[in-house]
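Next up is one chain by itself, shown in structure tokens, the form predicted alone.
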Amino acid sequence: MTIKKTFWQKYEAWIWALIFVIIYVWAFSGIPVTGIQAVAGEVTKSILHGLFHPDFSYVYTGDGEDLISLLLQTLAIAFAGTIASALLSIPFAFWAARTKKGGTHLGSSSGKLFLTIVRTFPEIVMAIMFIKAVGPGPFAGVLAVSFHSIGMLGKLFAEAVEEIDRRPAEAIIAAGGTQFDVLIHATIPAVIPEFISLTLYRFEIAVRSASILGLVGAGGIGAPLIFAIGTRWWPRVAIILLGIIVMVTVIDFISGYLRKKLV
């Protein structure tokens, strides 16, 4: 016996496709199209020529404002911010983790809400706020990276705490141990490798974030990048982008290798 399909079952895919096309057209209809500028070809040619002819004289000049010095400063901002956030995230992670079944989980829910609020603000917005408080420079960048990373690492750490094996803790309690014994001998040894792995992963992201914080004056390689773009010094832009690519690639490789050893 053949089951007769309804109209929706027959044309569901087509209806969704039509809805998608309508939304897509509506979204682009509000974008003003001014056309291509008369100097677009000349500017594009200049950009491409500069990008394929990097300014290698900027790699190291010895004055502390060269590529290598500012890339190291960017790494320092990311490293300091990540380490600070990793340490500060641990109590928030235990606050947000649901370690017991049943109940209202009011405490963990409030912890999760706090971490959600913290990670709502992008690093660049926090950098602008901290610049107003402590002035421009790397310190504002460290504060921005660390504060934002608390929200991210706190969430990841809390999930790691929730997923650990509870049997060692139950065995310690059954043997007459206290909650402090459970924390020291069961919980912390179980979560430390995962915490380190997540911190390394967050460091990878922090390096990328620290690379652009200089755009607003929070230290690192971002400041000379925006200056070079503003003055249309494309060879300088090219060498800075090349340096960022190399730095991020090396950090990703090292971090990935270490995380494989830990997990």
Partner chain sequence: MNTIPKKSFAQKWHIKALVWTAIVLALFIASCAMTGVDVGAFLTGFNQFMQIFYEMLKPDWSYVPFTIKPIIQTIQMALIGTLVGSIIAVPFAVLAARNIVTNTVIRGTIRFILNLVRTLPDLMLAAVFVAVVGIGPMAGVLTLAIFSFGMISKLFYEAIETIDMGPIEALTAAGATKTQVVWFAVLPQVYNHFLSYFLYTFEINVRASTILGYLGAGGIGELLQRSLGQFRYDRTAIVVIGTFIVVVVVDTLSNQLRERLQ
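Everything numeric in this text was worked out from a predicted model, so none of it was measured. Numbering follows the first chain given and starts at 1.
Below, we refer to the form predicted together with its partner chain, which is not included among the displayed structures.
*Asks:* Using a 4.5 Å heavy atom cut-off, which of 156-164, 116-124, 90-98, 176-184 contacts its partner chain in the predicted complex?
*Replies:* Among the candidates, contact is made by 116-124.
*Asks:* Residues 67, 191 and 255 are flagged as a possible site; in the predicted complex, is every one of them within 4.5 Å of its partner chain by some non-hydrogen atom?
*Replies:* Checking in the predicted complex: none of 67, 191 and 255 is within 4.5 Å of its partner chain.
*Asks:* Using the partner position in the predicted complex, report whether residue 234 sits within 4.5 Å of its partner chain, counting heavy atoms only.
*Replies:* Contact with its partner chain, yes.
*Asks:* Please tell me whether any heavy atom belonging to residue 145 falls inside 4.5 Å of a heavy atom of its partner chain, as the geometry stands in the predicted complex.
*Replies:* Result no; residue 145 lies far from its partner chain in the predicted complex.
*Asks:* Check residue 11 for me: does it contact its partner chain in the predicted complex (non-hydrogen atoms, 4.5 angstroms)?
*Replies:* Outside the cut-off, so no.
*Asks:* Would residue 47 sit within 4.5 Å of its partner chain in the predicted complex, counting heavy atoms only?
*Replies:* Yes.
*Asks:* Out of 217-237, which residues reach within 4.5 Å of its partner chain in the predicted complex, heavy atoms considered?
*Replies:* Contacting residues: 225, 226, 229, 232, 234.
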